[in-house]
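In the form predicted on its own, a lone chain appears below as structure tokens.
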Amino acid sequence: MTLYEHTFENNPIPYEIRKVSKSYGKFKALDDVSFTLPWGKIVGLLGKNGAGKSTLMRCMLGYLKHEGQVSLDGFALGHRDHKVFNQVAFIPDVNGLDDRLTVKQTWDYVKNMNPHFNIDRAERLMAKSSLPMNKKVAKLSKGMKTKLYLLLTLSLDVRYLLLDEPTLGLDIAFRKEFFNIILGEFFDEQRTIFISTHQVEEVEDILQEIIFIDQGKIILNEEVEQLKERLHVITLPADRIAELQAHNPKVINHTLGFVSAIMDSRIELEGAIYNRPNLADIFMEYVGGSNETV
């Protein structure tokens, strides 16, 4: 039985990462990473620059040799194991389109080379895209190249979509269109999207689960709603900062005569203002420091 023939209903753990480590010389990019991507969810991967996000995705795809095991639908995946692409599509921060081809030639090439190419869906997506079919890829703007790459990827019948900083360098209007297309054309209860991004504020409202990674280690993996329910932002006048410090938060923010910090939702202080935290604030509380975080 092949990976593609095996049905998802037969296995409750479709995409599993267990004790994965990856080193570049003496530098350990990933350190004993373990988690499972669930079905039908949008999962975010958040970490500082150099935290191991891109390395993790490339290990999951079999691009890099590593210690530990990656399995998909119960099958262990090896280095450069093409079977992964029966179920997984990947959109990196730099696309791999051939600048010498036209948009139409690129479409034909992907269609003819990939047995999981859904022609009906591709034709519908391309018809709505306003992409110039006879124009060479080299002449397209970065936004148009990204759109072409995205639409070709969404034309594949796969279960998982991995996105590694997919909208890096694109303007805000196209970033919004990018995620609207993905939500409208790919995501459902049987498919999962795994997003690594520095622009957490633009995906926060669609994420259902979040993973924090720091120095190659997973430090948090939790449902977003559950995470936000067990934490809150406490705000006090600046002269009461000692009351916040008594609970040892990693980060205390100072704004216009007030101080605030993220704490366990069970902590209450007299006269305080309470607000729901966002993921960027929670990340800073767990990880601290910058390195161009989010």
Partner chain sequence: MKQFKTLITKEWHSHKHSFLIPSYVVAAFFILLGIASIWGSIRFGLPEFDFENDIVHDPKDVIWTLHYAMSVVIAWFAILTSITINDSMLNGDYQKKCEIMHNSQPVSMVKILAAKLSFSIPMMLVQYLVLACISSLIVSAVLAFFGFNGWFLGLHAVISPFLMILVSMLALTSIFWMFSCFFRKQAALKFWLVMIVIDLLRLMITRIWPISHMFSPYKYYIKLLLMPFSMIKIKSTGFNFGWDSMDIGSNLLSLFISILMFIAGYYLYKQRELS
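Residue numbers count along the first chain shown, from 1. The shown structure was predicted, so the numbers you read here are calculated from the model rather than taken from an experiment.
Just so it is clear, the following notes concern the form predicted together with its partner chain, a form of the same protein that is not shown.
The chain is drawn here without its partner chain; in the predicted bound form, the stretch among 229-237, 55-63, 41-49, 262-270 whose residues come within 4.5 Å of it by any heavy atom is 55-63. For the options Phe90, Phe194, Phe186, Phe179, the residue carrying a heavy atom within 4.5 angstroms of its partner chain in the predicted bound form is Phe90. Of the residues Leu151, Leu97, Leu161, Ile218, just one reaches its partner chain in the predicted bound form with a heavy atom at 4.5 Å or closer; this is Leu97. Not displayed here, its partner chain is approached by Pro115 to within 4.5 Å at the level of heavy atoms in the predicted bound form. Among heavy atoms of Ser71, none comes within 4.5 Å of its partner chain in the predicted bound form. Contact between Gln208 and its partner chain in the predicted bound form is not found at the 4.5 Å heavy atom cutoff.
Shown alone here, Lys128 lies farther than 4.5 Å from its partner chain in the predicted bound form, counting heavy atoms only. Relative to its partner chain in the predicted bound form, residues Leu101, Gln105 and Val110 are all within 4.5 Å by at least one heavy atom.
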